[in-house]
Structure formats: C-alpha cells, structure tokens
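Taking the form predicted alone, here's one chain by itself in structure tokens.
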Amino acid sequence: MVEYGDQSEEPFDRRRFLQLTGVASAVAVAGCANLVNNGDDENESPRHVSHVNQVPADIQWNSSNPANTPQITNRALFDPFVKYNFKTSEFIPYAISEWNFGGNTFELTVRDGLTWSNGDDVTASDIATQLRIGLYTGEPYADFTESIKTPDDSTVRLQFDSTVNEQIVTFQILADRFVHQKESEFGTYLETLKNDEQKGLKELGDFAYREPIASGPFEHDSVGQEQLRLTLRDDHPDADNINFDEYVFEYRESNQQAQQALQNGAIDSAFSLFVQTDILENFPKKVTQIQTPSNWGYGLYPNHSDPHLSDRAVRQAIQYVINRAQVRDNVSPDSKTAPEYPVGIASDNQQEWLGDAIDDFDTYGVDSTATEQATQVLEEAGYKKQNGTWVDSDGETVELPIMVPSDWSDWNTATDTVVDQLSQFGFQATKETRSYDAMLGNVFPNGDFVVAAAGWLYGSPQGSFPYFSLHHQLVKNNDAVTYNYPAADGSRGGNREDVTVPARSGSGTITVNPAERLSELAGSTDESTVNEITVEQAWVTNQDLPMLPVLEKVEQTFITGGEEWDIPKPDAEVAQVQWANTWLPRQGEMQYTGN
C-alpha cells in the first residue's frame, strides 16, 4: 500500500468540513470529497467518487437476473477476463492471462495470484462454473460448445462440437466478461440447472446478489439509497497500483444532475455521460473527456406482436419518415452520428463489409423525411389516411407510443424529434417514459411496450465485428428484450422462424433462416463464406427492419485530473478502453495526489 504524506497544508474548506461533520462515508459536498475522516486526522483516507444513475440499494450483481443489473459498479467489484483496447484493436490479458485457440478448442489460463474478497483463490473451477451456467442461460457460445473441463486449477478448456470462427470465439468468451460467479455462490444453481433446467433458470433468474464476493480490487462495503461504498482489497494483485482506499458511487438521477456534479466537483468521474458541446465548454479544465467508439446507439424496437408493427410496411414507413440527420442535429452532432444505411452493422464498418453490394441497400433517406416512399408502402399494404391520420383496412388508428428511459436526456431529445416527425406524417405518435431500471426490470423482459428505445447494435467491442450486431438484431438481442420478432430466439419471444424478403438483385424473394445462417457463419473459417452470409443477413435487416436504427453514439467518459488526480492524456493508449475510470486505477494511471 502507498503511504500518504502529511496533509496539514491542505486548505481548510473540505477537510475541515469533514472533521466537523464526523461522517465517514455518507458525505457529499460541493467540491470533491476526496478525503474521508474516520474520527481523527490520523485516519483520513482518500477516495474516488464516481456516478451511477441507478439507486444503489436496488442494484444486484447476479448477471443472470435481468432486474437491476449494474451498469458500472460491477467493473470495480469484479475483474474482467481481458480488456479490449480500441487504439490497438487488441485484447489485453487480465484475469485470464493466456488463451489458445485450437479450431475446436479454446483454452484459458487463470491469472496467478487472483483471489476472491473472502480470501479464497480464484480457480479454474470458478471460471468453469460461470461458463457452464452460460450454456443454460443462452450465452452465444452455447450454440457450439460441447463441454467445459478443468484439466487443472488454473486451466479451463472449452471443447466445441465443430470448428468455430476464431474471431467470434475470442470475442464471445473473453470480451466484456467478468469473474463474478464464484462456485461456492453459484454452484448450487448450476446443479439445479443440470437436474431441472426450467427450475434452475427460475431460481437463478430470481436470485438477487446483494452482497457480492468480489474478485476485483474493491469489495462491497455498504450501500444506501444515495451511495454505494467499496473499499480497497489489500490482497488483490493490483492493489499496490491504487493509492486511494475507497471507490464510491453516488446516485444522480438525471444526466443534468451528473453534469452539474462534475462541474462543481462533487464527483470525480462519470463512466458514460452525454454532454453537449455548449455544456462541455463550461466544464472546469481539470475535467478530461475520453472518447471511445460506441458501436451502439439509439434505435427503436418495434414490438412485433403489435397488429400494426408486425406489418413490415409500417416498419418501413416509420424508417422512411424518420429524418436521422435532423434527429442527430437536435441531439448533438458532436457526439452522435446518423448511420447511412439502416442495417445490423456499425456505421464505420458498413462500407468495409458490404463492399460493392452497398448500393443495393435502401438508405430510407438519412437526411430527409421520405413521405412519398412512406405513403406508397403504406397504401400498398392497405393503409389509408383518414382525417389526417393513418388507419388500417379496419379503420384502426396506427398508434405509436415510444417508451424511452426518463433519465437519458439525449434519448429523450431524440424521441421528441422522432415523435414530431411521425406525428406530422399522420401517425398517432407519443412519448412515454420509464426509469432505465424499470425498463430493464419489467418493460424489456415482459415485452411491455409498443415501441421501445434501445440499442440497435451489440456495442463495443463486439460491435466492430458484424456477426454480433446481426445476431443482436435478428436472433437474440443483447438487452434481453422480448420484442417478439418471429425469427428471434424463444427467449426473445420468437421461434427462430424463416424470413422472406425481396431478393437483393433481380425480382422475386429469398427465404432464409437467420438463426441457422448466423450459426453457419460462426462455424466458418472461410472468408468468402463469412462475407457472403454477412451481406445476406445485413440485407434481411435492411428490408425486414427487426429494429429501426436512428443514431450511433461516440462514448464520452469524464475523469477529473488537475491537482487532485494524476491521470493520462485522453488519447493515451492506456485510456482507450471502456471504461477508463475503472481500468486506470488497476494500471496505476489514476493516482490521488492529495493536493
């Protein structure tokens, strides 16, 4: 542990306030509260205060339970298998120190010296328990994994039933995965799953993990309505890189509240926060913005069980009507892009993967409201305008209530614009809001919406490889939304059905099964096959529109530097990860200076 020098010359205000209050951890003051007084001057210890927009007391850390899962706190509590660096496009070893691909095998080595916060070693058996649970809960690697074995205490070997694409395997097994399901805590659920899968899934899905055993450098200490307090573990392999004792997450309900907290120094970091250019210009100079690719963004999920939205013509009409460039400009042109083609591929990768075929794809009018095309497709499907409002052949009005997280200001601005565009065209469009927690907990899994705002791409880093976002749109979306698309997996309300769309060239139609074709892609090492299926399935998303792409975002992470924290420059290689405020401490690159 790093020893702290004499702080006697520190200005009075913050420190004196803490002394007078005598409160150790539940303090939030204007100006960074980076010292915690435990009763006297000798016991002051530094802390980092970050932001969370979930009520801390509601968070639970069982990733197999979709209710109230963490957005950022898990990244301080649990170690990532590896970390993906966007500057180098490479994976950095971490909890998994080595991995080897063998065509039909994938072998992982657990980092030496890694422990849980109760003192137990992190073993191959813990990792295997977690990966085996994933076979039942529908992790993508379940489609091709035959068995998971542990030849010794530090080795996990996945055996596949066929040859699998190396890039897909590497992303699926390593990226965005954390060491968090300890065998002693989750092994009993795995046993139930083996004996009675339905019972096991229910019990596991209902389990709220409130006091987790951590594998990361910080462990759970206390939690309330406003604050989650984590404390540094001395026995973590990277503890010596961290010179502050507490990592605190404070609740700010809205984006504006989090912005204000950064401006006045009440928090030191925010892992992902939408900040418009004019507001950013007024931030203190010590607040650093780190931008990373998102491969994710604001889209609309039609509930395919809705009588109107189950009609492809209505979905296409909506896509024609939405002027994506106008939505982008109303939200923030500096942190958002308007995708050129509505397909299941990130904007930066569309030209690369679609090649010469890209001219066949429909843009639906990226910077216009294509009312003529929208009218034509609706009228051909039997819809008509009645007193300025679109109705179906039975005279039923096309109502489009769009549900959006109440606490995401940029998405609310985007939805306001979309509602205005759709209303002007003659749809009866409205905006509905729910907290993001409510959307994750009830709205998404129950399919309790007509149109829901959610991510149309898989997200970084997987989103840089088309397979993942195509799978996200067509088969099993990553947000666990029951959107009842017929081609989707049963867990998302579908039946893995075939899809028939117009042929990409010539006349006629093509009928394909997205689940089978993407499974074929995942099992292919032949580049031409991968390219062929990618273009084909992108075409299906472009024509059938299982989701409606609107915007893509650039991630904005904020960390306070200045005299209080020593942090790297925003374009430094070490900072080009998601999310830097939980990764830099492990690397010794976010140090409290005590000034």
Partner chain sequence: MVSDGPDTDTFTFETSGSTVEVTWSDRLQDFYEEFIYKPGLVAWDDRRTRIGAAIMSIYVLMGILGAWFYPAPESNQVERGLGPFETLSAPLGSTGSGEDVLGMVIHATPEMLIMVMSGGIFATGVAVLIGTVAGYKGGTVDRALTSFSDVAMSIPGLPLVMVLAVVFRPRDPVLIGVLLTINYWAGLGRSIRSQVLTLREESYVEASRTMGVSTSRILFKDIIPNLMPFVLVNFANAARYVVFASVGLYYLGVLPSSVDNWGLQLENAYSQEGALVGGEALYQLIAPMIAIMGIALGLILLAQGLDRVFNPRVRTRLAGESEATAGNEDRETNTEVNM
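Owing to the predicted nature of the structure, the values given are computational and were not obtained by experimental measurement. Positions refer to the first chain, counted from 1.
This protein has a second form, the form predicted in complex with its partner chain, left out of what is shown; the following refers to that one.
Only one of 340-348, 76-84, 251-259, 168-176 places residue heavy atoms within 4.5 angstroms of its partner chain in the predicted bound form, namely 251-259. Of the residues R434, K182, R233, H308, just one reaches its partner chain in the predicted bound form with a heavy atom at 4.5 Å or closer; this is R434. Here is the short version: of T109, Q276, T105, Q373, the single residue with a heavy atom within 4.5 Å of its partner chain in the predicted bound form is Q276.
In the predicted bound form, N446 stays away from its partner chain, with no heavy atom inside 4.5 Å.
Although the partner is absent from this view, D329 contacts its partner chain in the predicted bound form, with a non-hydrogen atom inside 4.5 angstroms.
Using a 4.5 Å cutoff between non-hydrogen atoms, E497 does not count as a contact of its partner chain in the predicted bound form. Contact annotation for N412: at least one heavy atom lies within 4.5 Å of its partner chain in the predicted bound form. Within 4.5 angstroms of its partner chain in the predicted bound form, the stretch 380-404 places no non-hydrogen atom at all.
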